[in-house]
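Here you get one chain, nothing else, as structure tokens; it is the form predicted on its own.
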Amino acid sequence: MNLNPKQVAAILAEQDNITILTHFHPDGDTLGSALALLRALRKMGKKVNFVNNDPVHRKYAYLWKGLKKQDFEEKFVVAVDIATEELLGDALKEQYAGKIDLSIDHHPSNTMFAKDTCLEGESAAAAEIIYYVIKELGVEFDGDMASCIYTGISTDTGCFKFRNTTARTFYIAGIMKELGADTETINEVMFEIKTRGELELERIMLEGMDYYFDDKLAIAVITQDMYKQTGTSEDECEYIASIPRQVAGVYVGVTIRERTNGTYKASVRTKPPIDASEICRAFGGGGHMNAAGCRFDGTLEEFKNKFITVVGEVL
């Protein structure tokens, strides 16, 4: 059974000692959703922590301003913005696979891995669902919670530019503004400011980008050596995934990133009518119609060649 926000709130109201899980290589939606829910549940007097597999970019530090880790024996586990257990990352997957009590997600490709699931595939961001869960919990929003929700919505819609943006998306964002979300700072940090290292990383990536199928497919690669050369790291290039799709004529943009453990992660961005989640399912991943992700444990050339084959079939 697919739960609605009211049913989710009823479950959470009965629980305590809660751990909230975010997906690996965390972005604004998984973090904003997790920390908005954490702040709401703590306001209710519950003990709650959030856990992620990978380092979090420093630009997100405001999301957990004033929060400290609590000590307790974990009794209930919630996953937010996670379509499959693979997206937990290796460490969290090993620890939590088969043990997640509740999943709150907006990815149509969700594999229903949790004991209970609240899935709204029409939501632009998981943070939209979290907003309604918090309302059902009866917790009064403050500025910090509003900033968390706004971060999740704005980042998963590309600052309201992506096709997943709906009238409800604007409605919730407007309410968050009224409730004290620092929208000006969030927009500047998320969508305007880049370090010199990040710009250099973009330049090197673009120089090596390859095109296939009459320029309908663009594949960019970011290696660990490129991070070292530019003084950047994996958690600093989340935004870069959308760049290959920005090229005129490109219908499928793929950004392959080498991880520190030698595996690879791919972010796929598409234009209609190409389904990004269909492409990523071939690799055990998933996501949305125009934005999805997956990972690969083989070599870079194997990964690229399989992508070329899969995308060729789709095109």
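Residue indices: 1-based, along the sequence shown. What you see is a predicted model; the values in this text were computed from it and never measured.
Another form exists, predicted together with another copy of the chain; not displayed. Remarks below refer to it.
Not displayed here, another copy of the chain is approached by G174 to within 4.5 Å at the level of heavy atoms in the model of the complex. Within 4.5 Å of any heavy atom of another copy of the chain in the model of the complex lies no heavy atom of N261. In the model of the complex, at least one heavy atom of R163 sits within 4.5 Å of another copy of the chain. Using a 4.5 angstroms limit between non-hydrogen atoms, A61 is distant from another copy of the chain in the model of the complex.
Annotated contact segment (heavy atom within 4.5 Å of another copy of the chain in the model of the complex): 246 to 254, selected among 62 to 70, 44 to 52, 27 to 35, 246 to 254.
Candidate site formed by F191, Y211 and D215: every one of these residues places a non-hydrogen atom within 4.5 angstroms of another copy of the chain in the model of the complex. The single contact residue among D225, E122, E94, E184, judged by any heavy atom lying within 4.5 Å of another copy of the chain in the model of the complex, is E184. Of the candidates D144, E202, E234, E85, E202 is the one whose heavy atoms come within 4.5 Å of another copy of the chain in the model of the complex; the others do not.
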